[in-house]
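Form predicted on its own, single chain, as C-alpha cells, below.
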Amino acid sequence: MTPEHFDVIVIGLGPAGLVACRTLAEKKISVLGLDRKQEIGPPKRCAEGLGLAWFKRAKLKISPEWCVHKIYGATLFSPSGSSVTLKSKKLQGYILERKILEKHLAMDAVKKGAKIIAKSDVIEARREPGRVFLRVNNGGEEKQYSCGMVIACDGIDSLIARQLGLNTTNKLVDVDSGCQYEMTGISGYDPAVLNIYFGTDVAPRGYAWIFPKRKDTANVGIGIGGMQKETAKYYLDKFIASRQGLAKGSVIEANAGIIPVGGFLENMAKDSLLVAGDAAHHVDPVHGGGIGIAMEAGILAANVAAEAVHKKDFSEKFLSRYNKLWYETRGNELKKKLRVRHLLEQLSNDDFNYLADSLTIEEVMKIASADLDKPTKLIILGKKLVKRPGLAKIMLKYLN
C-alpha cells in the first residue's frame, strides 16, 4: 500500500492543532489533521473562558454561535467569604461554547485547503529516510500516511512525541487534577464576572470556580494539586453542597482531566517534529487556562513548519527556532507566572483572608498593573504586610 503523502500532518485537533491546520493551509502547505475522537470538539476540557486579546492574536471573529456569555471581570473569594471584585464597564472576554468553536475552526481550516479526519487513532509513528511514516486506525480500517514532518498536539500524554523521541513527561508536582460540571437551575453568583474561590479547604493548591455561561447556567469546577489524597470530584461535590444556590441545581455535563501547570519544555523540537498545546505544557500555571495559549503555539509551530517545508529542512537544528519564538512570545511570561503559582501554594487560609480583608480594589489594580514599577508595588504590599512578617517574607521572595 502506497501511503498518502502530505507536507505536514497535525495530530490532535484541539485549539492548537486546528489553528495549526488553518495556518498551514493559508500558506498553501498540504496538511492533514488527524484526531482520535469520533467528533471534533467534544468532550469539553476547560471552563471555556477566553479574554478579548486572544481573539485578535488567533484571528478569531466574535460569533454569537460560540461566544455565548459576556464577561466583565472577576470576583476573588477568600476562605472566610471576603471578596475583591475587579469589574470593568468594558467587555473583558467571553465564555465560549468550545465544542462549537472547535467545529468552526475545523471548517475554516478545510475551507482554506486542509484535510481533516476524525476517529483516526495513530497506531505507529516512525521516521524513515526523508519522511515520517504513520499507521492509523481510521474507524477500524488501517490507513497509511507519510509526511515531511509532524506537529503533535495530542494532549498531555502525547504518545506521538514519545514515539518520535521527545520526552514530554510531566512530573506529578507539575500537574493539577480538574473536575467540572456544567450546571443549570443555579443561583448565588454574579453572572457578569468570573467567580473564583480560594482556600486550602476549598481547593488545595488550586481554586474553585463558577464561570457563568447562560441564564442560571454555569461551568462549576475545581482544580487541585495532582498529589492530593482526595480526588477533584470529592472537593467539587463538597464545594457545591456547601452553597445553597448550587446544591439545588442540575448537572447537564460532567468533565474531568489532568492539567499541566509547569514543567515547561526547553526543547519542543526533534527531527521532523514539533509539539504544541497541552502536549508541550502550554498552559498558564496560575489559573490553568490554555485555549488562547494553545492557539498561539499552534500558529507559531505552523509558521516554522511552513518555513521548513519551503527550505526542505526538517532537522532538529532548523526546527528548534520554534523554541526561541515560543519563549520570546509567551514562554518567558509563563515562567514568571510559575513563580506566582509557587507563592500561592505557600499561603494559608489565614493569609488569604488577611489579604482579602486588607487590600482595597484600587490597591489590587495597582499591584496588577503592568505600568507600575516593582518598588511601588512593594511599598503597597509592605504597608499591608507589616503585621504579618511570615507572609511578607513569602511574597517578597517571589516578587524578587
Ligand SMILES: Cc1cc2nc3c(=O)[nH]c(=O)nc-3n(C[C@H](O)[C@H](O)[C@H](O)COP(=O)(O)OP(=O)(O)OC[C@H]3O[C@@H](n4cnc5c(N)ncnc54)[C@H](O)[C@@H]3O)c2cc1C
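Each residue number is its position in the shown sequence, starting from 1. In this text the structure is predicted, and so the values were computed from the model without any measurement.
Absent from the display: the form predicted together with the named molecule. The rest refers to it.
Can you pick the stretch from 74 to 82, 321 to 329, 270 to 278, 243 to 251 whose heavy atoms fall within 4.5 Å of the named molecule in the predicted bound form?
Result of the contact check: 270 to 278.
Does the named molecule get within 4.5 angstroms of any non-hydrogen atom of residue 190 in the predicted bound form?
Outside the cut-off, so no.
With heavy atoms only and a cut-off of 4.5 Å, decide whether residue 58 touches the named molecule in the predicted bound form.
Residue-level check for residue 58: no, no contact with the named molecule.
I'd like to know whether residue 262 contacts the named molecule in the predicted bound form, with contact meaning heavy atoms within 4.5 angstroms.
Looking in the predicted bound form, residue contacts with the named molecule do not include residue 262, since no heavy atom lies within 4.5 Å.
Can any non-hydrogen atom of residue 120 be found within 4.5 angstroms of the named molecule in the predicted bound form?
Flag for residue 120 set to yes.
Tell me, which of 134, 294, 161, 109 has a heavy atom within 4.5 angstroms of the named molecule in the predicted bound form?
Selected residue: 294.
If the cut-off is 4.5 angstroms on heavy atoms, which of these, 306, 258, 86, 286, is the one near the named molecule in the predicted bound form?
By the 4.5 Å criterion, the partner-contacting residue is 258.
Using a 4.5 Å cut-off on heavy atoms, which residues of 154 to 178 contact the named molecule in the predicted bound form?
In sequence order, 154, 155, 160, 178 come within 4.5 Å of the partner.
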